[in-house]
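Just the one chain here, the form predicted alone, laid out as structure tokens.
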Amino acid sequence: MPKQISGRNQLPGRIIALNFGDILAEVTVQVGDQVVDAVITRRSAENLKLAVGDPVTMLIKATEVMVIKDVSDD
């Protein structure tokens, strides 16, 4: 059954690297021209059966988001 989520900062991409440690896993995702890294538990990565090449969505939930603008564009 499809699920819905309230998080709005969803970035679809594809896993390009996956590194497993004893407890954590680093997931590297290509999102357009950018690369986004996430560190999740190894158990979560295994439960999701993540693999390089898998399409995934990065969901970003943060208490702070900063906006940067190059002031020379004014």
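Throughout, rigid core stands for the largest set of C-alpha atoms superposing within 1.5 Å between the two forms. Just so it is clear, the model here is predicted, and its values are computed rather than measured. Numbering starts at 1 and runs along the sequence shown.
There is another form of the same protein, the form predicted together with a further copy of the same chain; it is not shown, and what comes next is about it.
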{"item": "4.5 Å heavy atom contact, Val52 and a further copy of the same chain in the predicted bound form", "value": "no"}
{"item": "Ser44 within 4.5 Å of a further copy of the same chain in the predicted bound form, heavy atoms", "value": "yes"}
{"item": "Exceeds or equals 2 Å, Cα of Val65 between the shown form and the other one, core fit", "value": "yes"}
